[in-house]
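Here you get one chain, nothing else, as structure tokens; it is the form predicted on its own.
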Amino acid sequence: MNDQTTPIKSVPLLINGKFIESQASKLIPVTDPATQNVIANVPCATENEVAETIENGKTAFENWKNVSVGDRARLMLRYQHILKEHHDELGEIVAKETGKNIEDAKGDVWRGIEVVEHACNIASLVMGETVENVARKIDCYSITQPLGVCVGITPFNFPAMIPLWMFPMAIACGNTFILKPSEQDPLTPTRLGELFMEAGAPDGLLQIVHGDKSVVNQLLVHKDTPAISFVGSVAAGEHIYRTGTHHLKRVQALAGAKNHMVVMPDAQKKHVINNLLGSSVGAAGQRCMAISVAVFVGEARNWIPEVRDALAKIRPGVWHDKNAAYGPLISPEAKKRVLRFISEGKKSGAECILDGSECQIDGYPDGNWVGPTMFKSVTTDMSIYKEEIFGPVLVALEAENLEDAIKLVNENPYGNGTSIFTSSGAAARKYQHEIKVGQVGINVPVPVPLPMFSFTGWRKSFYGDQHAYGKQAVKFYTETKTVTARWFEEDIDTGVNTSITLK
């Protein structure tokens, strides 16, 4: 229960350079996942407030698009410096509202800072291309231009990193930005906005609105929001992609995952087990790059009991517990969902060799705790294999050889990330070449690239345009510099050249 003697603050909106209290009648409580105490209330912004942010963004864009690329880079230089000064503070905010342990929370912040550092190099990222004499006495060149008011819709699991994937790169490219963060942990994005204003961002450049699906839909259908970026569930991603593209917008929607780690018998067993632990239950399994399926090839199946025994030694705990491997799930609803999958797995005939469904942490009886859980004897028709559980649950499958493992992974409906652990260069090369998944790790459990490389899922893990925030402008000129051809609306690298910087 929340201590009612402590005032519950309402999370403000950031509109045109000012933090204001929303006029919304609907408030959503923000709760501590370890206690269920209410730590804030987040408003569902009104239609007028959302419309105002879009209009402000349009106005700010008319000036910002003409600001020199050097000045835009210098804003990002100031911002990354301020973020580093407040790194630990931001990490604590993340930890308190998500339940992550403090080191995981700081990692969330740091990966976002890396993207802002990348944005500091925007001048070289938005360079166009030139070819002389594409035809006799005709030259061709391309330039990159911003689109306008871009929108980012972000999930609860990385409230620092994912917003920082989006708005710094979009703004550095000359756009303005409206951020609609998760209503489950809005305090971190709000602080990111405060620090951005402290860095000297002009009014209207970054605006933050809060709310539910109604706010999202208003942003999706408005005629003056040409580009949308989203990270979250499959259902929400499909809705956002369909709605946005129906209204002729560029949409980038990164959705669900079912990431496989293929374990070859020639891999180093200790290395495999150590990496499998963190990648399967780290962040309570609440990340789209978690390893939730381990495929043991051939004699590697004999390692399953040792993986289970190692998982059994791991325990969750509150964010400031230095001995806790991970924290609670984000909400009671998230916990119920994970427990439902565990129950379905047992009923479907899978063998639950480690059951964390009754996990309790002393002093925190109301926390959304689920202990490490592991299944074996899993088949591909079971829900625990087919669907993203988003919890600390590892399912083990077996394959006779590498070919069978590759076939298994390629037939899964998701294609976000995958890894292979092996000491064979030939096996690693074969896997990398034949696997149909967006990101591949070789003896690396979670192949999340740095900002200068692409982040992209395949199949049901990703929908849309990897370069959602830019527009290719191609003009043909004669010797007299007369324009003889039209604009081409095509996607190009605009400095937002990787979807990791957009997610």
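Quantities reported herein were computed from a predicted structural model and do not represent experimental measurements. Just count from 1 along the sequence shown to find any residue number.
Omitted from view is the form predicted in complex with nicotinamide-adenine-dinucleotide (NAD), to which the following refers.
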Contact test, all of 12, 43 and 92, partner nicotinamide-adenine-dinucleotide (NAD) in the predicted bound form, heavy atom 4.5 Å: no
Stretch from 213-221, 260-268, 69-77, 368-376 whose residues place a heavy atom within 4.5 Å of nicotinamide-adenine-dinucleotide (NAD) in the predicted bound form: 213-221
Candidate from 301, 239, 191, 106 lying within 4.5 Å of nicotinamide-adenine-dinucleotide (NAD) in the predicted bound form - any heavy atom: 239
Heavy atom within 4.5 Å of nicotinamide-adenine-dinucleotide (NAD) in the predicted bound form - the one residue of 255, 83, 395, 307 that qualifies: 255
Contact test in the predicted bound form: residue 183 vs nicotinamide-adenine-dinucleotide (NAD), heavy atoms, 4.5 Å: yes
Proximity of residue 162 to nicotinamide-adenine-dinucleotide (NAD) in the predicted bound form, heavy atoms at 4.5 Å: yes
Residue contact check: residue 317 to nicotinamide-adenine-dinucleotide (NAD) in the predicted bound form, 4.5 Å heavy atom: no
Contact test in the predicted bound form: residue 364 vs nicotinamide-adenine-dinucleotide (NAD), heavy atoms, 4.5 Å: no
Members of 275-307 lying within 4.5 angstroms of nicotinamide-adenine-dinucleotide (NAD), judged by heavy atom, in the predicted bound form: 288
